[in-house]
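For reference, the chain that follows is the form predicted alone, supplied as structure tokens.
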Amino acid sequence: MSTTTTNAPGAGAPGKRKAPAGEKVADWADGRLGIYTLAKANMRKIFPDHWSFMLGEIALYSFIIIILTGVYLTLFFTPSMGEIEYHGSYVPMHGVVMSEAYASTLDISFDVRGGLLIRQIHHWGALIFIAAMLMHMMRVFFTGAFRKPRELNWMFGFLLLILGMFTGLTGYSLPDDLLSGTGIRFMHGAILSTPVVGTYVAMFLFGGEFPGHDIIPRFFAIHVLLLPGIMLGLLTAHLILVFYHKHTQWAGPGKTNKNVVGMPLLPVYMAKAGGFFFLVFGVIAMIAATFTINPIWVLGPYRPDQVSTNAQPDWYMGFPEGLIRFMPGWEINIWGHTLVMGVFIPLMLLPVVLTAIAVYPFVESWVTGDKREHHILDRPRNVPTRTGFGAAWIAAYLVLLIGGGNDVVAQFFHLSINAITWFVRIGFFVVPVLTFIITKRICLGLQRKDREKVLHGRESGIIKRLPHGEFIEVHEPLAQEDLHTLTAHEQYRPTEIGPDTDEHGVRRKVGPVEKLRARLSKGYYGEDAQIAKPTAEEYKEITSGHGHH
């Protein structure tokens, strides 16, 4: 706080400097909010430095860009399905009957100064936002950054990803063009397939029979107010927990679970973060100015009796789209009612998959029995089973993405759409399993390589001939920093059920849950799931000259 003193109200003491106006404002705020104490505690907070940590920053900055451009677009968009006859600047559409939402989107694109560029930045920013969130969550998953005490933050990030997907869905549906209208019709059919409540939910959401007159205004309220408000709250909580728990860091000399090695928030980290924000903004603006996305004037307004070719959603909706497209057209008639299982089953499978992703940190904690806090990241190769699961999920997503665009793939590669559909049906079950096995084997191979490198050093490429004629390659010993990085990880031992009888000879009752946990633990940390890292005794024996080149 300021040290300026006064002898009387409004009169400065002789010889004392008069506090500047800014300092007086800061003192006034500190007296009521305690900002000096808050700043002293947090402005020098340490953040580690690694390129993979920038993925979360890209997601954050993209979200800010989306909010800024969204506010601008809201000023000119008309969320109404009322029909008008178009007579705007885009001459090819003159005389065409369309909704006010579509007409206002054309006006934004062709009449509002900078409107088309802002639309492009908004759409590209949304795609990059969800892609960055997905990549960020993959980084967190593969490195084990979700472990205690960050399970709740994993849940927040997961909810942000799901809400971002639905925000994108409602956003690209607002222009009411032929492509977005086809997507809404797809969603309408999916809702109708839900037994018992499907028709009621559809009537409530659309305000009557499809397409109704309320879906665009309701999507607008959801897209502009509801979902962004929830996401802003989750994002704030996410960042608060990052500050509270401190940032994770990669293993290295001097790095432990009780400290953070890096740069202070001010001035270094904030300066780099500010520059990176403008870099992200510039890249998105450059992409938006160079590559056209969602040219609604080419597609025309939505009509229920028409479907545009290559009607594909944005990439992040490829998972549910692929699930529905590869399912056979199964139907069951019960008591005069038709259950469309070809749509209902994928809709039920989707939340099961998403729930498994959300609760994974708790499952792994239960399997390992580890309740300690973890602030040091895992190298993915050192946890082959977890890495295999992550790679298998990515493989399943890519297969379903092909299924969601089977017509485009068939047209581009001149293949049969039926052949692609059958490939997706089979590949959805086969490809993830193969990916898991291959990924796990690769991780084990990398562990063996690290073990050899620790014990025998790095290959130097120098060939040496021994006195008896044998040729060997000279190995260079690793630096202490590299040795620490390759051996810092902790290896769990699989959970054992224990003997069949206790110390009194009475047969123990082992429940199915305990048996399941033991089997999962063996699958995660058994002999075929990890390579034992070198011990200090092995290293000393090798480096002392016994068999070391």
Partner chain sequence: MKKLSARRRHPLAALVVLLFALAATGGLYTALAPADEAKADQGSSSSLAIDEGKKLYTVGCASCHGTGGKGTSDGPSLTGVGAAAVDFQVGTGRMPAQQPGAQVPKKQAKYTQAETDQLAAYIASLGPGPSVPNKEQYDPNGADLANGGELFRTNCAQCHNFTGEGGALSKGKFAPDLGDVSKKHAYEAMQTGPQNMPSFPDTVLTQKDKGDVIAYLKTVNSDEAETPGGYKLGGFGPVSEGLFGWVFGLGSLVAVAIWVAARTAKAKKS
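Residue numbers count along the first chain shown, from 1. This is a predicted model, so every value here is computed, not measured.
Omitted from view is the form predicted together with the partner chain, to which the following refers.
S.K.: At 4.5 Å between heavy atoms, only one of the stretches 407-415, 162-170, 440-448, 381-389 reaches the partner chain in the model of the complex; which one is it?
M.R.: In short, 407-415.
S.K.: So, a 4.5 angstroms cut-off on heavy atom distances: do all three of L227, M231 and V359 pass it with respect to the partner chain in the model of the complex?
M.R.: No, the candidate spot makes no contact with the partner chain.
S.K.: Although the partner chain is absent from this view, report whether W124 comes within 4.5 Å of it in the model of the complex, heavy atoms only.
M.R.: Yes, W124 sits close enough to the partner chain in the model of the complex that at least one of its heavy atoms falls within 4.5 Å.
S.K.: Give a yes or no for G300: in the model of the complex, does one of its heavy atoms lie within 4.5 Å of a heavy atom belonging to the partner chain?
M.R.: Looking in the model of the complex, residue contacts with the partner chain include G300, since a heavy atom lies within 4.5 Å.
S.K.: So in the model of the complex, is the partner chain close enough to D30 to count as touching (4.5 Å, heavy atoms)?
M.R.: Outside the cut-off, so no.
S.K.: Answer yes if any heavy atom of G157 is within 4.5 Å of a heavy atom of the partner chain in the model of the complex; otherwise answer no.
M.R.: G157: no, not in contact with the partner chain in the model of the complex.
S.K.: Heavy atom within 4.5 Å of the partner chain in the model of the complex: which of I345, M135, A396, A237 fits that? Just give me the one.
M.R.: Exactly one listed residue reaches within 4.5 Å, namely M135.
S.K.: Among P92, G88, P477, P351, which has at least one heavy atom within 4.5 Å of the partner chain in the model of the complex?
M.R.: Going through each option in turn, the one that passes is P92.
S.K.: Would you give me the residues of 100-118 that have any heavy atom within 4.5 Å of the partner chain in the model of the complex, in order from first to last?
M.R.: Stretch hits, in order: F110, L116.
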